[in-house]
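A lone chain, given as structure tokens: the form predicted alone.
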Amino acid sequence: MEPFNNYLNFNTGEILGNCNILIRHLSDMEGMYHDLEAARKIINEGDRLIYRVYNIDVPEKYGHLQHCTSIIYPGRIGNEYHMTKGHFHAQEDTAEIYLVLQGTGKLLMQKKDREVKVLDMQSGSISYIPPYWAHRTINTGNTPLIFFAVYPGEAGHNYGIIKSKGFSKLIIEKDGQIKVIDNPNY
């Protein structure tokens, strides 16, 4: 593989160059939101865009560094904020770093033993996600939450555990405040 450059538009979060774009609408996140009725209604009304990922085309193998930008658009499904699906790494002993370029949000992390950590995300924050922690990013603001991520090439993604059980906590808006609550379905 040869060295290369790509270019990041700091205003939009888009990466210009050799990348794959992953687009997630609400219908792509079936069962991720607690309020299933609100989710179905929004899907039927136009299937809202929740987030995009611009992933640089790098081999998914040891020795390489995957890197991407994620853009989570503002909004809520019921009282839950827009969020990513969340995942463990397929290679569980790998870590990840997020650098927030703009916006505000929360980084929800959970180990298999149900230990949970929630970090604030804001422009300039650098979040370290250690090995063995599932992670989900939530936009709690009124503008897009845009962050740059770097992780080992071999890390991979395991969405299955989160899809089947979710996280033990939800990030919601209640009485105009951001709240972390127990997930009643966990």
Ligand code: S6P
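Start at 1 and count along the sequence shown; that's the residue number. Just so you know, these numbers come straight off a predicted model, no measurement behind them.
What comes next is about the form predicted in complex with this ligand, which is not displayed.
4.5 Å heavy atom contact with this ligand in the model of the complex for all of Val53, His89 and Tyr98
Affirmative, all three are within 4.5 Å.
Is Thr84 one of the residues lying within 4.5 Å of this ligand in the model of the complex, judged by heavy atom distances?
Yes - in the model of the complex, heavy atoms of Thr84 and this ligand come within 4.5 Å of each other.
Any chance His135 has a heavy atom within 4.5 Å of this ligand in the model of the complex?
The answer is yes: His135 has a heavy atom within 4.5 Å of this ligand.
Flag Ile42 as yes or no: does it have a non-hydrogen atom within 4.5 angstroms of any non-hydrogen atom of this ligand in the model of the complex?
Because no heavy atom of Ile42 falls inside 4.5 Å of this ligand in the model of the complex, the answer is no.
Counting only non-hydrogen atoms and a 4.5 angstroms cut-off, does Lys117 reach this ligand in the model of the complex?
Answer no; every heavy atom of Lys117 is more than 4.5 Å from this ligand in the model of the complex.
One stretch from 56 to 64, 138 to 146, 33 to 41, 152 to 160 that, in the model of the complex, holds residues within 4.5 Å of this ligand by heavy atom
Selected stretch: 152 to 160.
Any residue of 65 to 81 that, in the model of the complex, places a heavy atom within 4.5 Å of this ligand:
Cys68, Ser70, in sequence order.
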